[in-house]
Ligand SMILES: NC(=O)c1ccc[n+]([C@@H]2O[C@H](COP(=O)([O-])OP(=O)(O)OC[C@H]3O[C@@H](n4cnc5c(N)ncnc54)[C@H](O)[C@@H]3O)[C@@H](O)[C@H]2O)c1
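We begin with a single chain expressed as structure tokens, specifically the form predicted on its own.
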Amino acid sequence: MDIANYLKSVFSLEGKTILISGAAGGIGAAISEGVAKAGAQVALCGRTLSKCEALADKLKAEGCDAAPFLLDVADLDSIHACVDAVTAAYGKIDVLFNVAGINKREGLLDVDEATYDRIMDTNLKGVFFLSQAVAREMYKRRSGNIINIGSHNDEGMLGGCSVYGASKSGVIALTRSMAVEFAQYGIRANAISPGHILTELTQVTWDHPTRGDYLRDRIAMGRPGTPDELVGMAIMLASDASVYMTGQAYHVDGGCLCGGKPWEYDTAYKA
């Protein structure tokens, strides 16, 4: 039995062109590297072109096919220019990962209009219009796959995440709308909702004197996740292994939403 060839036939991304927004961020870079090493041609798109260029150089040095593109998802002109550039370079876009996202932690009563608009423009409006632009290209071939990045906060809430949580909840509703409307065009849409992931930006939360312990107590596995632990789900959803999956949000959260750590109970089997 040839296990390697069987797994390759199911999960390989060879021949697929994948556009990733926020490609050089903590989660974006892990997904970018994972899908590139699974054989995809990867368009690394982001606001800071130098970071995308550095990631592209790293991946190409490892034998992967990757190229950098400028993209600000909060700017419709930038969206259309990026999609046009990627399509011109590769001739098609098979998979879109909507990873770009921002947050500012502050109380609901403290949020001003500028902060609200900045988060919503990136996290929800940007996902909507980038997906629309890419789906119009996918429509021409009656084939495509859109994968959005949600969050623990699309279902479970923390203090100080009102606008972010609303934007990510909107992303999940939008994912379902895409699945319903786009299935007739051969386009699927799903979401990955990461739990509490340790990145450069979230390190301050895990180092906080109370917030880190608060989160650990609410995660069954008792620890933060890493960006690399999202890659398996990303590859599966991008590959033909998930060909009958659409309209779903998959939480990769170490057992946070399911209830976290149990309370004390009687058992002969001690940890």
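Note that residue numbering begins at 1 and tracks the sequence as displayed. Owing to the predicted nature of the structure, the values given are computational and were not obtained by experimental measurement.
Omitted from view is the form predicted in complex with the named molecule, to which the following refers.
- By the criterion of a heavy atom within 4.5 Å, N190 is excluded from the residues contacting the named molecule in the predicted complex.
- Though the partner is left out of this view, V99 does reach within 4.5 Å of the named molecule in the predicted complex, counting heavy atoms only.
- The closest non-hydrogen atom of L13 lies beyond 4.5 Å of the named molecule in the predicted complex.
- Contact check for G26: a heavy atom falls within 4.5 Å of the named molecule in the predicted complex.
- Contact with the named molecule, judged by heavy atoms within 4.5 Å in the predicted complex, is confined among 192-200, 107-115, 87-95, 134-142 to 192-200.
- Out of the listed residues C161, L124, C82, I149, I149 is the one that sits within 4.5 Å of the named molecule in the predicted complex by at least one heavy atom.
- This chain is drawn without the named molecule; in the predicted complex, the residue among R211, R47, K37, K58 with a heavy atom within 4.5 Å of it is R47.
- If you take 53-87 and check each residue for a heavy atom within 4.5 Å of the named molecule in the predicted complex, you get L71, D72, V73, A74, in sequence order.
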